[in-house]
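Next up, structure tokens for two forms of one chain, structure 1 and then structure 2.
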Structure 1
Amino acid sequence: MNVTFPYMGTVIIYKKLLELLGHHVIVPPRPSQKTLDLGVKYSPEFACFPFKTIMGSYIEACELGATTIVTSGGHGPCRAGFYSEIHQRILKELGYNVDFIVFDSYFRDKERFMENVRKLKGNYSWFHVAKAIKFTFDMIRELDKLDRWIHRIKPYEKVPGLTKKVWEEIQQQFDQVTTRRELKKARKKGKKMIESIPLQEIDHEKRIRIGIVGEIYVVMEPSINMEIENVLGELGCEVERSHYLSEWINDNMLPRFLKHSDEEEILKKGEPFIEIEIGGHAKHTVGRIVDFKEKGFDGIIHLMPFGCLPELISQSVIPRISKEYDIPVLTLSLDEQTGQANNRTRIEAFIDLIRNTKLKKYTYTA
């Protein structure tokens, strides 16, 4: 079967896993204006932005010959957990003959979960499947490490654009990897490439660190968040996101005893503001803001899709957090109408503000 998946973040990972299971994988094109146009045209008007983007992406993948879509379900109560149901119905209405393999939470429907795994596994042994999963997980962990590193040094690059280029090359390298040995080699090479990027020396006090929090899709997918990490890097900021794929897998897929995650701690930090889990990443978002502040970050950019149910609650309580913890937060709500220039101006002003405050502090104490 020709398998495809929703486009989000470092897509070579999904591709790799499906390939290791012997499928012919059709990687959907990186979301473009055409993707959005298609998505908007065939989605309910008030569906959230990720829904529309993925809708468009599915249509493009179907046009390229995809016959099966593998995606995750989720147990709500935010809309994302219901995407696949509506996507399926819309694709059917449009006349595409495509199967969905939807991974809901294992505990919601164990039988179906295992049936899905069997469908994807084909004739491979369970041992092979386990190995493939472990391999891709290790791979994404390595990639995420390099990803973080890249966005830490990007603001100090001497040759503009070099870090971005290096990151693209690293991803291509990893895309070729099929064995553990090659993975090790790719990792080493990646490290070396990053280390060889010439950097400017900047005083520690003058560094600006920005944390990006919010709904996972708009935080992780650069093509629909105006490549915000790059934009911030060019403005001289180190950037860290609140979501990395490896962490998501760690928090959502692994059994408890295998976890080494600070997720619980982060949720705890959000609790004074949002008491319980209300779906999506709302509590996570507010917890992360507190966490970033405690780690000495200078400002937060909060990304959400327009009208996102859980993130509207975060947005409502953010002014209070910002005041209590003395950390500036800028909320940007993204959808197909997002004016890039407008948002860019807001981001620039926000960074200017942070820089000025910091400079003042710096010169007073000096």
Structure 2
Amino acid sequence: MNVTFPYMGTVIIYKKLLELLGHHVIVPPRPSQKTLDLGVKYSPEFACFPFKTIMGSYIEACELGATTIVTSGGHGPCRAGFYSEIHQRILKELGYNVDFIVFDSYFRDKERFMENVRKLKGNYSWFHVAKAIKFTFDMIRELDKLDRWIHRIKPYEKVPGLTKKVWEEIQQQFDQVTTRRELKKARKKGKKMIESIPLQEIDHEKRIRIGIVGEIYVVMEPSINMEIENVLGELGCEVERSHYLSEWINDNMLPRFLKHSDEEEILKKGEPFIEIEIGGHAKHTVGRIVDFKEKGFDGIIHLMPFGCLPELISQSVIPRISKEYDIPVLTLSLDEQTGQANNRTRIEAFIDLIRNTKLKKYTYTA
């Protein structure tokens, strides 16, 4: 099988797992203007930004020879639940005859989930499949830990751009890993590389911590969210996201006895504002805002694709959360016409506001 997948976040993980299951993997190019142009051209106008970006990405992968697409589904009012069907129809009309394997949460449809695993496992034993899944899960957990670390220290780097360069090198090293011994070695080397980054000393009171929440694709894929984590790092802010791939796998694919998740706790924190499950990540978004506030974060940036139904509901309750929990929240709506300079100006003004408020509070307390 020539297998591909949507380009989102740390793609070496999807690549590694599919390679370990014996497939020829076609990694789609990182989303670019060409990807967006293709996606916009062949997508329905009403479709959201992730749909269009992924559409363009699929066309590029099909051009490279992909015959099977492995992706995730959706549930509730979120239109993502229909996207694989629509993507497949559009690709067929364009002359690409590709199969889709769509993974929803294991807990929503166990039978279909296992059927999809059987399609990908080929002639390998279940033991080999379990070993491959465990290996790649451990790999993404290590990468996510290093990712978090990188965005905690980036605002204090003495050499501008060095942490970004180190993070790219770390990912390249993990991409070469095929055994547990090599994984251990890559993890140790990654830690040493981060520890060797020269940092400025900043008083704890002057540090600014920003949480990023919202729809998973725009939160996790830097090429379509204006590389917001790096932008915030350059503006002197520590950053943490509401979504990491290891957490998504943990929450949606692992049996309950293997789970180490705070997902239920986060959703409970969102319940006073959104009582029922409405699809997408709306409830998770509002729960995370409360969670970030309780952890001492100074502000929140809420990312949503233009026209995203669940995140529109989140946006409507955010002013109430912001007032009740006394935390500033900036919502940015993203689509193919997003003006990066305009959004950067809004982000800079938002951070200035937080910095000045914190400075006044610190000065008054002192």
Partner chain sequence: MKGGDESLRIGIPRALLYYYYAPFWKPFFEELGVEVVISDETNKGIVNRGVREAVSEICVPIKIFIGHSLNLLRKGVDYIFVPRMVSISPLEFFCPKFMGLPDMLRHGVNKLEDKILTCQIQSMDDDISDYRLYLPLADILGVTEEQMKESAAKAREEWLAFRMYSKMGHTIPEALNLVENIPISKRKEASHPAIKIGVLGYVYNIYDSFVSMDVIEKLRDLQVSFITFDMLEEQDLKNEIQDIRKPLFWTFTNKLLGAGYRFFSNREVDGVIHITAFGCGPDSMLSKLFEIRSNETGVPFMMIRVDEHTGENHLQTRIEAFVDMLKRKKRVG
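Counting starts at 1 and follows the sequence of structure 1. Just so you know, these numbers come straight off a predicted model, no measurement behind them. Between two forms, the rigid core is defined as the largest C-alpha subset superposing within 1.5 Å.
Peer 1: Of these two forms of the chain, identify the one that is the form predicted in complex with the partner chain.
Peer 2: Structure 1 is the one predicted in complex with the partner chain.
Peer 1: Given a core-based superposition, decide whether the C-alpha of Asp104 shifts by 2 Å or more between the two structures.
Peer 2: Moves: yes, 2 Å or greater.
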